[in-house]
Ligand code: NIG
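What follows is a single chain, given as structure tokens, in the form predicted on its own.
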Amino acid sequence: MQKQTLIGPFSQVITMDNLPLKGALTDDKLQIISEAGILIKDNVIAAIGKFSEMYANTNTTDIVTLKGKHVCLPGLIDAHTHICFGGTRATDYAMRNAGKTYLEIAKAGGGIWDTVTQTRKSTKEELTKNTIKRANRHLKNGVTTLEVKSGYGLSVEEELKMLYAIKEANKSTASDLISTCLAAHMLPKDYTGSEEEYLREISTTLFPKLKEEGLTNRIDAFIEESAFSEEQIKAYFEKAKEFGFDITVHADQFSTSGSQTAIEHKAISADHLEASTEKEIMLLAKSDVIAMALPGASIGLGCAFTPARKILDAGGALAIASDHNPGSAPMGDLLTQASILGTFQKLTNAEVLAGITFRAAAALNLQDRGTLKPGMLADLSIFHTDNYNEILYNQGNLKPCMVWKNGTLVYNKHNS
């Protein structure tokens, strides 16, 4: 017999249903169900309607009656994070704010290689434990699905260690962790060959193991002057496609060419885009590639935001993620960052919420979450307010009071 749970009444359920994947959104397009109830059967939504009517017609159902005013959103989705890592980069942050350049910080022992060194020193068990801790922090902030990248191992053995840690962490947190292999993060400093030789080694040695052990279905690469060029990455992505991996790209963070690479290789998303010009914006808008803004990196580095307004007005699909990492985006608070991006880029609340729900789900190639409607996973973020506008208005200060994942209550502020 199926387990049934009726939750309500909600002042508002913001379904995020019947909205397009691409283009600008106005707030009046949001489907809002007032005085609503949500019926869950096992781990999916069975029905959404008026709570009073659903309550009167229920039989063998557990009823969770909410006291006070509550707004329900789909569980939030953070589609770009690096929360599996060792150590800290607090010194980098202090040096950057004191005016030091990226090169100066790297010469002083900081930068990505510092995290690589500290991650390599960490055991798989330590990485697993810290990934769980960070994932659970995101969960309390309403994030029920988050992508987690490798990329601080930068060798076959160390990348495997990270991906094993992510897989183990996924078993011990209520969140869904979607792993991505970012072995093409940069050329390791201790690698004696060329960029092409490193990429060939990874693609021929690591890719088969990823498939055999089900460690990931996603391959990422950093296309940048300090990492890999469009030409260098071509064979790498072609090999990834041969194995059936989905592709995503760190693109246009400091220079352009990454978004063009994403389009040419039919990537699911192009992430960062802080340096994108009108040319890249139009190319992305005409493509099926989802543009992913990472406001956490802009805040952490003190640089321009992704041109989100222009991307949407051009007809592009925009997702928003935290980029939670130890270097450029240590905050790791999706709702706060998305709210700030909305302020600076003049995004409607509908556009911001779409970017962290169903459009983020599309960036992970997930069709079973991101909206609230029958048949979708019962992932719910519930806020103690009677008006959904309060959520972004408070810029992350209004946290969820309850979080449900797969039809199970996994966080209750009043019991924590």
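From a predicted model like this one, the values you see are computed outputs, not experimental measurements. Numbers for residues come from their place in the sequence shown, where the first is 1.
The same protein also exists as the form predicted together with the named molecule; that form is not shown, yet it is the one meant from here on.
**Q** Hey, in the model of the complex, is residue 112 touching the named molecule, heavy atoms inside 4.5 Å?
**A** Residue 112: yes, in contact with the named molecule in the model of the complex.
**Q** Just checking whether residue 328 would be counted as a contact of the named molecule in the model of the complex - the rule being heavy atoms within 4.5 angstroms.
**A** Heavy-atom contact with the named molecule at 4.5 Å: present for residue 328.
**Q** Using the partner position in the model of the complex, report whether residue 78 sits within 4.5 Å of the named molecule, counting heavy atoms only.
**A** Outside the cut-off, so no.
**Q** Report yes if any heavy atom of residue 175 sits within 4.5 Å of a heavy atom of the named molecule in the model of the complex; otherwise report no.
**A** Flag for residue 175 set to no.
**Q** Determine which one of 123-131, 317-325, 158-166, 340-348 lies within 4.5 Å of the named molecule in the model of the complex, judging by heavy atom distances; exactly one does.
**A** Checking each option against the 4.5 Å cut-off leaves 317-325.
**Q** Taking 4.5 Å between heavy atoms as the contact cutoff, choose which of 222, 245, 207, 198 touches the named molecule in the model of the complex.
**A** Spelling it out, the residue with a heavy atom inside the cut-off is 222.
**Q** May I ask whether 218, 236 and 265 all come within 4.5 angstroms of the named molecule in the model of the complex, judged by heavy atoms?
**A** Checked in the model of the complex: no contact with the named molecule for any of the three.
**Q** Which residues, if any, of 137-156 lie within 4.5 Å of the named molecule in the model of the complex when only heavy atoms count?
**A** Stretch hits: a single one, 152.
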